[in-house]
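Starting off, we have a lone chain in the form predicted alone, written out as structure tokens.
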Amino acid sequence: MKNTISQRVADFLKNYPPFNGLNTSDLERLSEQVSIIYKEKGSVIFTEKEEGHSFFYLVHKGAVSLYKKTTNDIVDICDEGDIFGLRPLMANENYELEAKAHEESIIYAIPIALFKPLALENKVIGNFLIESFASNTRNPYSKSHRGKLYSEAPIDPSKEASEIPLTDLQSVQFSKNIVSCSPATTIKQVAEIMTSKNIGAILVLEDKLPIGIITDKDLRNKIGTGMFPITATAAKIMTSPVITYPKSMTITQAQMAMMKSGISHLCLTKDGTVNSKVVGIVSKHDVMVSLGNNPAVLIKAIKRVKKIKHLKPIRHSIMGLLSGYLEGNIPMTIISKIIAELNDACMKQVVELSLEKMSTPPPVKFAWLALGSQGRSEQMLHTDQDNALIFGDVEEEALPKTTTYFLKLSKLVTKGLHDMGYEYCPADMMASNPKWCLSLKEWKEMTSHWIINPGIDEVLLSSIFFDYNVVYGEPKLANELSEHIFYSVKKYPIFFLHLAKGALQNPSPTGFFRQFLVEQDGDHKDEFDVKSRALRPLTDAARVLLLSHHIKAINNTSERFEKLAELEPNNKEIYLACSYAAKALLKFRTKQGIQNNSSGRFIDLNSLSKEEKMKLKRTFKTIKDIQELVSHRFQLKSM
């Protein structure tokens, strides 16, 4: 345990530039002379035109605002580890800005007389100070990021999305399941084989060596036109010789070979010639899927999948696409829409494949709903499932049998989603649970109960269920339920108060001196819960505020805030700030999730750089502001 104040000062300083460039003895000597200053919120450290102090400053805890008094504009806010008040050190001039404690703060005053010789001797330290001073900000972070922390850089029009990390130099993926026939096989048999195997080409082998290939195109051009009878043999219509390549070819090589020869399939052999055994076949579709960084290609691949297990590798491609978009700094608005569409397409395919496993068609129309983050188009990573099913009303005596049918279907779908990478919901909030697989009439009754009897559980359920998206089935069922919900809410406006109270359940993400509030126990002790502490307060506030305007069909949090900015021009600034913060936090969580192969929800703060912590903290003030607005709007302080 450190037993002197100067040792603790040194331990803090060594984590931040320029002090991290000092050797240990110089750092310890400097730390012995550092003065520690406590400032209440709003108290002035120095003002404009004031004669320079014999110190420059570093924020230990809290935050310091730098003002331009003539315009009353905040030029910058210095956070933990930031230095300010450099003018006396660098130019021996009076201050040009006023420095004021933005909140309760502890500041280190660094003696210029002692530090200046160290800066002159150390080129790295000197350059850092020059950069900071020249940029008229506290440090290089601001120089490069001021006003655009977490900003969404405009898209370079010359750069297509397809330019983001391509995989075209990887080995091409190919099918090892060789389907073949002999030269004597009749065309009718060939067509039957291709149909039963659902393939677009068949190899013609003789003595186990490839001598020809027949494709769908050959059947159309040579049989459909009457050129050959269906009783002719494969040898009559096959394309020969076969173009062969070794299996080690890359995606680009395969693509170029197909373009060069005007063909859609390549035969891969052991040594790349027709004189060796066939090891696989590559189709144009395989090449497109291997490229896999194009959403349209992925959508096509998803629709072609015949087994749920084949969706899993496509999900990996979607994650690759997501990583590429983040690296390319594509706006989060665009990223979330594309990834949400792809996720929906995967889920829709799982529902369709599950329906094929049922012994009979659905007895009535139904709608499969994605809830929570997927319902808001904000689910970027593999998280747990939240879903529900609505089916059309039936006669009372038919209800048990109908429910049983859809529960069986739901269990197939949720298992399929699990096999694809979506964890089962720990709270069992899934359509496979009888509570969440109901007729439209039953749903209306349940949501009415929530609205008329808004306890803690009912508000929680509402918050999840009111963010839904129809992934598959009949949208009219969901629309009718929406109409019912909005009608009920109008009739019982007290529900808004409870929903608003629920939106304030998660307090500000920071405590004293803007320290992160971390988990106190459990598996994630000392980690920061970015979902509950930062994202959820914004999501909850957007939901209740937009519902109070009786606006439907906007589920995404940032879009809800943008709509609120239109509806309430007097609060436009705070709503747009919230929209911005929601996108920034979603981006942050997604990056953390990809980096740590997790949901990105819990963050080890020690793994974050100073810059990343700054970015997070700068969204927190917005959370506090919107919670105050909700509290005032629904008069919760007086309750």
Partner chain sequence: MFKFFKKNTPILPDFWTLYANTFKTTMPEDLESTTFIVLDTETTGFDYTDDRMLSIGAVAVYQQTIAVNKGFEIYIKQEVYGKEAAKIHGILKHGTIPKVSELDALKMLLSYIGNKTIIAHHAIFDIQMINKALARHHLPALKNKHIDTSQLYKKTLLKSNLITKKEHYSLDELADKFNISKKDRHTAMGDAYITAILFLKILSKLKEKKNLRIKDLLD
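Residue numbers count along the first chain shown, from 1. Computed from a predicted model, the values in this text were never measured in an experiment. We call the rigid core whatever largest set of C-alpha positions still superposes within 1.5 Å between the two forms.
We do not show the form predicted together with the partner chain, though everything after this point is about it.
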| request: Within 4.5 Å of the partner chain in the predicted complex, counting heavy atoms only, one of 439-447, 301-309, 100-108, 230-238 shows up; tell me which. | output: 100-108
| query | When you measure heavy atoms, are Q33, I37 and K415 every one within 4.5 angstroms of the partner chain in the predicted complex? | reply | yes
| request: Using a 4.5 Å heavy atom cut-off, state whether L461 contacts the partner chain in the predicted complex. | output: yes
| query | Taking the shortest heavy atom distance, is M259 within 4.5 Å of the partner chain in the predicted complex? | reply | no
| query | Quick one: does K61 come within 4.5 Å of the partner chain in the predicted complex, counting heavy atoms only? | reply | yes
| query | Can you check whether D457 is within 4.5 Å of the partner chain in the predicted complex, heavy atom basis? | reply | yes
| remark: Heavy atom within 4.5 Å of the partner chain in the predicted complex, from candidates K476, K408, K116, K435, belongs to K435
| Interface residue in the predicted complex among A427, A184, I494, L120, criterion: non-hydrogen atom within 4.5 angstroms of the partner chain | A427
| said: Once both forms sit on the same rigid core, is the C-alpha displacement of E442 at or above 2 Å between the shown form and the other one? | reply: no
| query | Core aligned, does the CA of I626 move at least 2 Å between the shown form and the other one? | reply | no
| said: I want to check V305: does it shift between the shown form and the other one by 2 Å or more at the Cα, with the core superposed? | reply: no
| query | Knowing the Cα distance between I626 and V59 changes 3 Å or more in the predicted complex, does it shrink or grow relative to here? | reply | farther
